[in-house]
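The form predicted on its own is given below as one chain in C-alpha cells.
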Amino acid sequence: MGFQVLLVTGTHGNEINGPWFFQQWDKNPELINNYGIKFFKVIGNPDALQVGLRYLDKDLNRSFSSDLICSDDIKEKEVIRARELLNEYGEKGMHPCEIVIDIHSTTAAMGSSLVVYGRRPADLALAALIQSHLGLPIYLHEGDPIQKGFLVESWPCGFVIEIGPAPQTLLQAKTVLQTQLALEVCLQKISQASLRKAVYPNHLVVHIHQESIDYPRDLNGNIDAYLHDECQGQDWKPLEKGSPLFQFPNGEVVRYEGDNSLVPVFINEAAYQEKNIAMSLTKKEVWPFLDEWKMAFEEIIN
C-alpha cells in the first residue's frame, strides 16, 4: 500500500473525545486494526485543545482556503497551523497523504454521521462504503459561500466524521466508542478498496445542504428567542409546515413555513451561534452509485 492516510482530531480544541482516544490509541496500538495502512495521527489545534477553546484566533476548519494559506501576512494562529499541516501532510508535504479523515463531535443530536464537502467522486465512493457498512447519514455541504476553507478539501479525498450529541470539553464514553468504531471501519474499507476487495453499494443516500436558519435576533444582533423544545434533538427528521422552531420568553412561537421535504441538521449546535446558524436545512436524495466514483477513489489509493 503506497498511499498514506491522515487522521485528524482536535481540529476544534473544545472537542476532547477524539484527542483523548488518540492518546489511548498511542498507548494501546491494538485498539484499532490498521489493516496494513500507513497513517499519521494528528491533533489539529493542540494550542486550543490545551486551553479547552474551539479556537484561539480563527476557526481552524475555516482556515484552509487558498487566499488565506497563500497570504504573505498571516497573523492568525489557526491559519499558521493550517499551513503547517499542509507543509507536513499535504500533497506536496514532507509526508504526503492521499486521504484525510477529520474527526469531530457536535452538541447537536446528529448521532454518528459523515460530512462530505462538494461532490468529488473519490469522496462519494469512500462515503458510500462507510454508509453501506454502518448506515450513517451523510450531510453533503455545498452551495454555501459564507462557510468555506474546510480542512478536508485540501487533500485529494476525505470527509468529516461527526459524533453527537457530545457536550463541549466533556469526556463521554459513547462518543469515544463511536469514534473508535467509525475509525476502524474507515481503515477497513480503505484497505479493502486498495486490495480491490471492496463491495460497493448500489446507491448512496445524501442530505444536500439547502440553506441555514438563524435564531431570531434583536437590533443589536443578540439572540431574541430560544430553540423550541419540540425542535431540539430532531436532527435528520423532516420538518412539516407549521412545526415550532423558536419561542420567545413571552410564549410567542416562530413556526416553520417552508417545504415539508426539508430535513434539519446541526440543530442548536453550540459552536454555530457565532456563525448565525440555528440549524441547516437539507434535501434528502438517493443517488445510484457511479463507476466513476470507484475509479476515482481506487486511482488515488493504487
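A quick note: this is a predicted structure, and the numbers were derived from the prediction, not measured. Numbers for residues come from their place in the sequence shown, where the first is 1.
Quick note: we don't show the form predicted in complex with a further copy of the same chain, though the next part is all about it.
- Note that among 122-130, 219-227, 97-105, 200-208, the stretch whose heavy atoms approach a further copy of the same chain to within 4.5 Å in the model of the complex is 219-227.
- In the model of the complex, a further copy of the same chain lies within 4.5 Å of some heavy atom of K27.
- A182 falls outside the set of residues with a heavy atom inside 4.5 Å of a further copy of the same chain in the model of the complex.
- In the model of the complex, a further copy of the same chain lies farther than 4.5 Å from every heavy atom of G93.
- Contact annotation: A173 falls within 4.5 Å of a further copy of the same chain in the model of the complex, judged by heavy atom distances.
- Taken together, Q23, L53 and N268 are fully in contact with a further copy of the same chain in the model of the complex: each brings a heavy atom within 4.5 Å.
- Taking S154, S212, Q168, S191 one by one, only a single residue has any non-hydrogen atom within 4.5 Å of a further copy of the same chain in the model of the complex, and it is Q168.
- The contact residue chosen from L195, L177, I74, L134 relative to a further copy of the same chain in the model of the complex is L177, the criterion being a non-hydrogen atom within 4.5 angstroms.
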